[in-house]
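Form predicted alone, single chain, as structure tokens, below.
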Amino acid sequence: MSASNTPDTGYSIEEGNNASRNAYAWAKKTFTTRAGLPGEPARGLDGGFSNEIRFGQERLGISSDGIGTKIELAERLDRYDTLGYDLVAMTADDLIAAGFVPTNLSNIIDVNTLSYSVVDELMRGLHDACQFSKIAITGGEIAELGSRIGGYPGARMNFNWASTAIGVLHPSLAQPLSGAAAQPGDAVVALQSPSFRSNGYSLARKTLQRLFGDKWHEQAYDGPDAAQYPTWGDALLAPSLIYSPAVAALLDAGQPLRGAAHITGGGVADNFQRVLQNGLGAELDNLFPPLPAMQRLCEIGGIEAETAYLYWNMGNGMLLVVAPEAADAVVQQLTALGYAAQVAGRLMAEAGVTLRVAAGELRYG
């Protein structure tokens, strides 16, 4: 499937992946500047969203990301205290997917005109998310950029928010998690996502704008969980669940993790293929079902399942590759920590990802 041929998405995953590969190729040309020195980058982690840097015996991970156009939801609803969970999830969960336990975070808020109250709400949420994740906020900046920053008209403040997080390689790991140790027959454990997280909002916003007009965020939401989310704006603003504490606990317990995929832009298929090395593939026949809001958007917006599973997490926020004999214990430990988890499938010797979901069989790669 070509993402550039998918209607009403607002962006192309294929073009984004190509641009990212090109940008990383330029970045890799700088690695030699730190060869043999503190801060030397590791090689062989291409395709992930974090990388390893070495300071003597210390092996640190670093990841940068933002929360994209989900910010417009907060501006529309004038509610800002949950976005910190999205900001932390985007970097902390990228780190833990490679085996790095997040420790510190720095953030930058680019604004048009400063609003003290909005920044206070943002930072209160970031504080709460970092407390949950055992992360210290150790750097930041607020930049007033005037007309260079736009957003929803009439909002108290238009802004963009991004962060960089670092973490330390878990002491149980000799190398970062990359999928290199995975083999056919390994189990795949899915962790449920209770929200869109911070991805796929261009497709969601364009669909709702087409259906309901400029005030789509005020439109009554009619999914089965409408008691929790009265409007479409409420349903889409639901914050991200942060997985890094749970995966770190699995590593603390010595569970044999062989790979992890943080399901962000690109959905299950694109993100999971990043950890399928050595020609391996996967069959996932027991994923968590799509969130009600995702299912409803597909129904009223005419969005095909193949597209939805490529742009949204569809109820699955992280996939873990584990030794098959440990799968049940991993699920039990995650459940005890308060996360919904289940064995979702297995790795196969043949390349490609096959999803068997309620909408039918979907094949990628």
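When you see a residue number, it is the position in the sequence shown, counting from 1. What you are looking at is a predicted structure, and each value in this text was computed from that prediction instead of being measured.
One more form of this protein, predicted together with another copy of the chain, exists but is not displayed; see below.
The three marked residues, I71, R124 and G151, each reach another copy of the chain in the predicted complex, with a heavy atom inside 4.5 Å. Interface membership of P41, defined by any non-hydrogen atom within 4.5 Å of another copy of the chain in the predicted complex, is confirmed. Within 4.5 Å of some heavy atom of another copy of the chain in the predicted complex lies at least one heavy atom of I135. In the predicted complex, at least one heavy atom of Q131 sits within 4.5 Å of another copy of the chain.
Though the partner is left out of this view, A27 does reach within 4.5 Å of another copy of the chain in the predicted complex, counting heavy atoms only. Only one of I53, A329, A323, A305 lies close to another copy of the chain in the predicted complex, with a heavy atom inside 4.5 Å, and it is I53. Exactly one listed residue, out of T231, N160, Q192, Q295, brings a non-hydrogen atom to within 4.5 Å of another copy of the chain in the predicted complex: N160. Annotated contact segment (heavy atom within 4.5 Å of another copy of the chain in the predicted complex): 57-65, selected among 295-303, 308-316, 330-338, 57-65. Taking a 4.5 Å heavy atom cutoff to another copy of the chain in the predicted complex, the contacting residues in 76-115 are P102, T103, N104, S106, I108, D110, N112, L114.
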